[in-house]
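Consider the single chain below, provided in structure tokens and representing the form predicted on its own.
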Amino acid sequence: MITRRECVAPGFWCVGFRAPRIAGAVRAAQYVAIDQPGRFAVRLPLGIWTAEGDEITVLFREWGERTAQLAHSDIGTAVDLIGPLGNDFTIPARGARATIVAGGLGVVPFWLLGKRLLAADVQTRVVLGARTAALLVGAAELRALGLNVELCTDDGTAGTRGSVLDALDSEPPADIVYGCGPPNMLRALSKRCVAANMPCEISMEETFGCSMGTCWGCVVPVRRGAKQGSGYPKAHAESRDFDYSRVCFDGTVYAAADLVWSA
């Protein structure tokens, strides 16, 4: 059941659901598959933003028919949720230094992760970026947890001017880096961390069909031998040297060193 909804920025919505079982079990970077009333053939997969008591929230941008319906549904509307789905991030040892890098809605996995890192006494820095100030969401909630949040925007309308990768140059390397955001940002972050031999975990986003791993519509390339790959042997005369992984079922979190980028 929908418990609350709020437009938190132009086109951005936070919607809450009463879901005690999911709220008690969810981990960072996991998601729910939402079945709404109406004619939709497939569920709407959305990352879980917060979980407190018997309520979870999702934070999303209104961009299509299904998200528009959810954004404008009445409080009290009954919906069916499957979840929590997916894996989660690795937590380093107490006293380690972690950097969270989020671009736009890539902030979604990091309320839950930030809360867990603080509880584990991990020194945590958050770099949150967007194209412009109006597209920055989630900073207030992260700061309310007690996290140090640095803002940057491409146009300089909030925080420092530049990208999240530019902001990383201002601090010493971390023991682990976490990232979520647009593909180009994740590609650059992954390559940077791999080149520096720095542990990095990435939460990926693809277009999910079934959210159950059966349709193979959300695959990403990973190196041969990666634990999240299919494990299928090469076919006769097959030339590709990478494997495929299903983001909905095997992810959404991957070690940057396992991902294979097209460029």
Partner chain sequence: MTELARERIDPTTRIGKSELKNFVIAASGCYNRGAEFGRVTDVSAYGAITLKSVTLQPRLGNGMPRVLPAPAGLLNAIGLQGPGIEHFLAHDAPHLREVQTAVIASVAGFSVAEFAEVAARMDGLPNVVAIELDVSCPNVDREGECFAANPESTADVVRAVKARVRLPVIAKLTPNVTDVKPIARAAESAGADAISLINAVRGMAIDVARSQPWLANVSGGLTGPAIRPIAVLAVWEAAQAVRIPIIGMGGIETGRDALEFVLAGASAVAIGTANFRNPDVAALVADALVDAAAERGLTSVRALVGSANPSFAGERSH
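The term rigid core refers to the maximal set of C-alpha atoms that superpose within 1.5 Å between the two forms. Fair warning: this is a prediction, and the values are worked out from it, not measured in the lab. Residue numbers count along the first chain shown, from 1.
Not pictured, yet referred to below: the form predicted in complex with the partner chain.
Judged by heavy atoms within 4.5 Å of the partner chain in the model of the complex, the contact stretch among the candidates 191-199, 23-31, 216-224, 50-58 is 216-224. Contact here is defined as any heavy atom lying within 4.5 Å of the partner chain in the model of the complex, and by that definition not a single one of 3, 11 and 161 is a contact residue. When the partner chain is considered in the model of the complex, residue 249 lines it closely, a heavy atom lying within 4.5 Å. The partner chain is not shown here, but in the model of the complex it comes within 4.5 Å of a heavy atom of residue 36. Among heavy atoms of residue 231, some come within 4.5 Å of the partner chain in the model of the complex. Contact annotation for residue 68: none of its heavy atoms lies within 4.5 Å of the partner chain in the model of the complex. With contact defined as any non-hydrogen atom lying within 4.5 angstroms of the partner chain in the model of the complex, the contacting residues in 239-258 are 240, 242, 243, 244, 246, 249, given in sequence order. Residue 237 is among the residues whose C-alpha shifts by 2 Å or more between this form and the one not shown once the rigid core is aligned.
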